[in-house]
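This document opens with one chain alone, in C-alpha cells, the form predicted alone.
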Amino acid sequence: MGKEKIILTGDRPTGRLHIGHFVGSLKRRVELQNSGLYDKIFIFIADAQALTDNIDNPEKVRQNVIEVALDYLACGLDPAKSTIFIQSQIPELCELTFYYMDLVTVSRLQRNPTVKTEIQMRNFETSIPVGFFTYPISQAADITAFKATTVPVGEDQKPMLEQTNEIVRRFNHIYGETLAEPEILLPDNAACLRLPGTDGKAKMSKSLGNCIYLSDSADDIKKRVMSMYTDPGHIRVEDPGKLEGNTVFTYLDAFCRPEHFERYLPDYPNLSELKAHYQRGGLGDMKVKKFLNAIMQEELEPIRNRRKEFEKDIPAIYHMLQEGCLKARETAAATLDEVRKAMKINYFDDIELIEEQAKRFASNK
C-alpha cells in the first residue's frame, strides 16, 4: 500500500470570502475533494493565525468563523468528504509549534519573503508581534500535524512551504524519520493566481471596497462589475482598447468558459475573438461588462442560494465544526505522540526507560 495522500489547506477568518478566494482556492478544493484522488482532506479556519494581527479585535475573528464556514459549505465543501475544523480548538498545534521553534533561527524567519511583505503591509516594522513573526513555524505545525502530502496554495505561499520542508528535514535529521514533507499544489489557471480588485488595485480587500463577495446580492455584483476598472484610454467605442491591467478581461480570463458565449454573447465564438475586437476598436466597455456580469451572476447565484439554505440552521453548522475539531484533534494527537517519542519526551509511555533507570540506580548501591 502506498503512502496516504492527504491535503491540508485553510483560510483566515477576517471577513466573508470573496471571488478571489473562490478562483484562487475554493473552487479547486471542491474539485480535489470530489476527485477521489485523496485519502483525507483537512480544511481549517485559521482563527489563531488571524489573531496574530487582530489581537485587539477578537470579536471580528469570532464573528467571521461562521461566515467562512457558511461560504465553505455554499461552495460545495462537504463535511462527509472533508474534515472542516477550527485551528484554535486543536491545542496539539501549539505544542508542535513550540518544539519547532527550536529548529529555526531568527535570521531565517527574517529572510522569509512572505513574512517580509506581510510585515510591511501591516506597518509592523517597528514592533512585530512575536506570534505574527513566527507564523511560518505555526504553519509548519498545521501542515505536519495532519501529515499533509499536498498543500494547495497560491504562488505567494511558496516560501512558507519551503520553510515547512526545512523544519521537517531538520527534525527528521535530528530525531529520525517522523514527519512528512508536503508538496505545493499551485492553481492551474494563471488568471486565478491573484485576482485584482474591481478597481484594478493589486489586491482585493474589504477596506478598499473592491471585492465581490460570494454572498453578495445580484444587485451588488452588477454594481461592482459595471463600475469595474478598464482601459482609461478607451474613451469612445471605436478607440482601440488595451487588455493589460484591464480588470474586466482579467476576470473573463478567470471565469469565462466557451459555453458562456453561446448563452450570452453569440456574436463571438470565443474569448480570443472578443479580445481581438476590443484591441482593434469598435467594441464598447459596456458590452463586455454586461457579458461579464451575466457570467458572474450564473457562477454566484447557486452559491448564494445554498448559503441561504445553510443559514437557516446555524446551530447545525457549529455542530458540524465541533465534529470536525474532534476528528482533527485525534489525528494531530497521534502525530504529537510520535513527535514526543522521537524527541524522547514521552517519559511515562516509555516502560523501557523506567526499567533501565531502575536498574541503573539499583547497581549503584
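Quick caveat: nothing in here was measured; it's all calculated off a predicted structure. One-based numbering along the sequence shown.
There is another form of this protein, the form predicted together with a small molecule, and it is not shown here; the text below is about that form.
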Which residue among Lys223, Lys287, Arg170, Arg194 has a heavy atom within 4.5 angstroms of the small molecule in the predicted bound form? Arg194
Of Asp239, Glu166, Glu273, Asp156, which residue is found within 4.5 angstroms of the small molecule in the predicted bound form when only non-hydrogen atoms are counted? Asp156
Which single stretch, out of 194-202, 99-107, 170-178, 277-285, brings residue heavy atoms within 4.5 Å of the small molecule in the predicted bound form? 194-202
Taking any heavy atom pair closer than or equal to 4.5 Å as contact, tell me whether Ser207 reaches the small molecule in the predicted bound form. yes
Consider Lys81 of the chain shown here, and say whether it contacts the small molecule in the predicted bound form, taking contact as heavy atoms within 4.5 Å. no
Would you classify Arg122 as touching the small molecule in the predicted bound form, given a 4.5 Å non-hydrogen atom cut-off? yes
